[in-house]
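In structure tokens, one chain follows: the form predicted on its own.
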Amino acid sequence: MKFSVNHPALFILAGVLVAVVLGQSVYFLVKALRRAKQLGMDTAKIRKTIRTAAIFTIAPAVAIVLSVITLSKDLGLALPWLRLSVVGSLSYETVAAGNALSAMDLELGKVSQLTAQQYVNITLVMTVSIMVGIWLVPAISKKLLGGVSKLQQRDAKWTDILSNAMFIGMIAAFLGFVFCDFSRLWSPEAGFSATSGLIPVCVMAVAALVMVLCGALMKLLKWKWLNDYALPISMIAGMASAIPITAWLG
């Protein structure tokens, strides 16, 4: 029997896990509502909070749908749907899947057919790796937060600098994947220029410009609602620009 990344059994397995997560969400929502009533919170405010949260969930959901579509070409729909419905993000899942495929001499976006073993390998890399963060929370979070609190009490300025530096370092690690194909721009052995290495850079530039535009609109026109939609708008713009940019740069 030939393996398929979109086999119905995979959708059933993923659906069961997603249903469990949704069940947990409903359970804690009911518990929160009961607790709010015990505390005497205003019912109108509770309903408004729920309605507002539901509306602003649409924006991240758009980004998640785009992420699922991006990964579904090689991995099918079931695995990206599961990964991005529980714990995951496009930046992490793409890197994890790309590394797993690279170890098997394959390239993300250029996979014609995965075997069952290759699919399991990719799933393990994508799942086990990101679970490290979950395991570390009970192990080191208390000591880590205590250390940060002590540092903040001694020098709040350097605490902010340290936090920002760590965040920038994380972003820089992902930027490496954007610029990693620059070596293709010129191949002395082949004697030709491969401009395809500029495609991710140009796509990133378009997305960044759209994000800057959204920021300008929020500041100049006071469109605060745009804050929750700037990310998916930038992602859509970047993905849409990839089509003409790829046709141009090859």
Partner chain sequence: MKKNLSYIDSVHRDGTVWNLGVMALLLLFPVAVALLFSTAPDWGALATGLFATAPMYWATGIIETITFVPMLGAGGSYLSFVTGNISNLKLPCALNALEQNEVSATSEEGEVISTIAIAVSSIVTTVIIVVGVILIVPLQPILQSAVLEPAFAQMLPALFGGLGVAFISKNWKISVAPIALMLVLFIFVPALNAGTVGIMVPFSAVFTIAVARILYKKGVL
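Values in this document were obtained by computation on a predicted structure and should not be read as measured data. Numbering follows the first chain given and starts at 1. Whichever C-alpha set is largest while still superposing within 1.5 Å between the two forms counts as the rigid core.
Omitted here: the form predicted in complex with its partner chain. The next part is about that form.
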item	value
Heavy atom of Gly133 within 4.5 Å of its partner chain in the model of the complex	yes
4.5 angstroms heavy atom contact with its partner chain in the model of the complex for Lys48	yes
Gln117: touches its partner chain in the model of the complex, heavy atom cutoff 4.5 angstroms	yes
4.5 Å heavy atom contact, Asp155 and its partner chain in the model of the complex	yes
In the model of the complex, residues of 135-170 near its partner chain [heavy atom within 4.5 Å]	Trp135, Leu136, Val137, Pro138, Ile140, Ser141, Lys142, Leu144, Leu145, Val148, Gln152, Asp155, Lys157, Trp158, Thr159, Asp160, Ile161, Leu162, Ser163, Asn164, Ala165, Met166, Phe167, Ile168, Gly169, Met170
Core-aligned CA displacement of Trp225 at least 2 Å between the shown form and the other one	yes
Rigid core fit then Leu175 CA moved by 2 Å or more between the shown form and the other one	yes
Is_shifted Thr159 between the shown form and the other one (CA, 2 Å cut-off, rigid core)	yes
In the model of the complex, whether the C-alpha atoms of Ile134 and Phe28 sit closer or farther than here (change of 3 Å or more)	closer
Cα-Cα trend for Ile134 and Leu29, given that in the model of the complex the distance shifts by 3 Å or more	closer
